[in-house]
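Same chain, two versions here, written out as structure tokens and called structure 1 and structure 2.
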Structure 1
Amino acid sequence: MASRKDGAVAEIEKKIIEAFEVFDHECNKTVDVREIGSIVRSLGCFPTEAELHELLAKVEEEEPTGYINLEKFLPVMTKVLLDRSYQPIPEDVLLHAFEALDENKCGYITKEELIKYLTEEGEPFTEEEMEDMLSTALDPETNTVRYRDYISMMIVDET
């Protein structure tokens, strides 16, 4: 029984190391602190910015260097994956959120409406996050986001 659990941990650690190494450009077991969000999301976790900052606080050196070491990141991220922390928002919740913003119930939101909601409400998107989202979500012909299609693209297959 213990060996199966150890095997699962070893498999998780292997995935974390592989994801970390993609961003370890110097091959010295460190990554730029700004890459941690990408690494965490590539592993199927979707923390808020506040949660990401909490995670960074656990893995940064006492005197921040701007880099994160694999030896500090690995045990923290292993626990995150074992605990299934930062799970994606379920599809029905995303759909309900978009429908609440779609005042005319027409199945889409205009680019202008979306920018307004995502930069002026709640935890605002940065300009880069807005550009990334719009490049994926926006229908260039109609300048709208057909949110059912967009949600289908975003859903993480957990198989």
Structure 2
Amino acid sequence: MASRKDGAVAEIEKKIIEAFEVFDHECNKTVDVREIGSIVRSLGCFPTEAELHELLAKVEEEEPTGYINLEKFLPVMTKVLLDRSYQPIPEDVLLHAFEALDENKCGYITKEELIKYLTEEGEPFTEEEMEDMLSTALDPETNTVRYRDYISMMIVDET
């Protein structure tokens, strides 16, 4: 007997399977462990790296093979979505984060400062990640990131 709740769960499962299959190159219900982050995030979640590692521990095999099986991934991910873990970061919270790094409260962060914070603090960016963010965020004339404008632009892009 299909209850309304079951229907919702079934739909969530279908979504997860779809996302998984996009990265399943060999068509054998496995994905490279390094793609799990992309899959989880594209399903609407915002985990930190630490949270991602926790999740991986639940879905990896006892002896890690470098691959994750759909069989193990599906129930764990379904629970994540039902519990609404790894909530999205609202625009205003993101803004506060940038403002916290803007010591002088002038509305922008210099390139050097941003690089320092994001590659040395928190869960550091790789050089590639930093370069990529700067390519969109940096105002080349002033060599600064005007974070309010940046956030507005990115939010529009998302929808």
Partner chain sequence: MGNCTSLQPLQFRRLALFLSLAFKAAVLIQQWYRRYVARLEMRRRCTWRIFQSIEYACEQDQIKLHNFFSYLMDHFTPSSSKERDFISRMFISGESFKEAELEKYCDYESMEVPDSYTGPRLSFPLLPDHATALLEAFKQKQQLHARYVLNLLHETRKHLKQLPNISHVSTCYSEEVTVCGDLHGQLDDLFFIFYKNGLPSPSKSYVFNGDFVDRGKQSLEILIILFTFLLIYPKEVHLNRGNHEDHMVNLRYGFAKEVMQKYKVHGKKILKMIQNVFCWLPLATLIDQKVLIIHGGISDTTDLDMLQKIQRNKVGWSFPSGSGRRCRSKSSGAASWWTASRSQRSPPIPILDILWSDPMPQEGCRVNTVRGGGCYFGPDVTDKILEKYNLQFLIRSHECKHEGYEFCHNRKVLTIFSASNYYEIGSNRGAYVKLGPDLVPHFVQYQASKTAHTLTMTQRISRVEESAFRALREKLFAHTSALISAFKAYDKDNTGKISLSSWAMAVESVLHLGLPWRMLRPQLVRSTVDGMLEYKSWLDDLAMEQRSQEHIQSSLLEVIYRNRSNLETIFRIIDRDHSGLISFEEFRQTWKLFSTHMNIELTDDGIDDLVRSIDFNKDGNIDFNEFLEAFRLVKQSQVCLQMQSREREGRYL
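None of the values given here were measured: they were computed from a predicted structure. Structure 1 provides the reference sequence; residues are numbered from 1 along it. Heads up, when I say rigid core I mean the largest set of C-alphas that superpose within 1.5 Å between the two forms.
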Q | Number assigned to the form predicted on its own in this pair | A | 1
Q.
Please state whether residue 51 has a C-alpha shift of 2 Å or more between the two structures, with the rigid core used for the fit.
A. no
Q: Return yes or no for residue 139: a CA shift of at least 2 Å between the two structures, with the rigid core superposed?
A: yes
Q. By the 2 angstroms cut-off, has the C-alpha of residue 32 moved between the two structures once the rigid core is superposed?
A. no
**Q.** Per-residue CA shift, residue 109 (Å; core superposed between the two structures)
**A.** 2.4
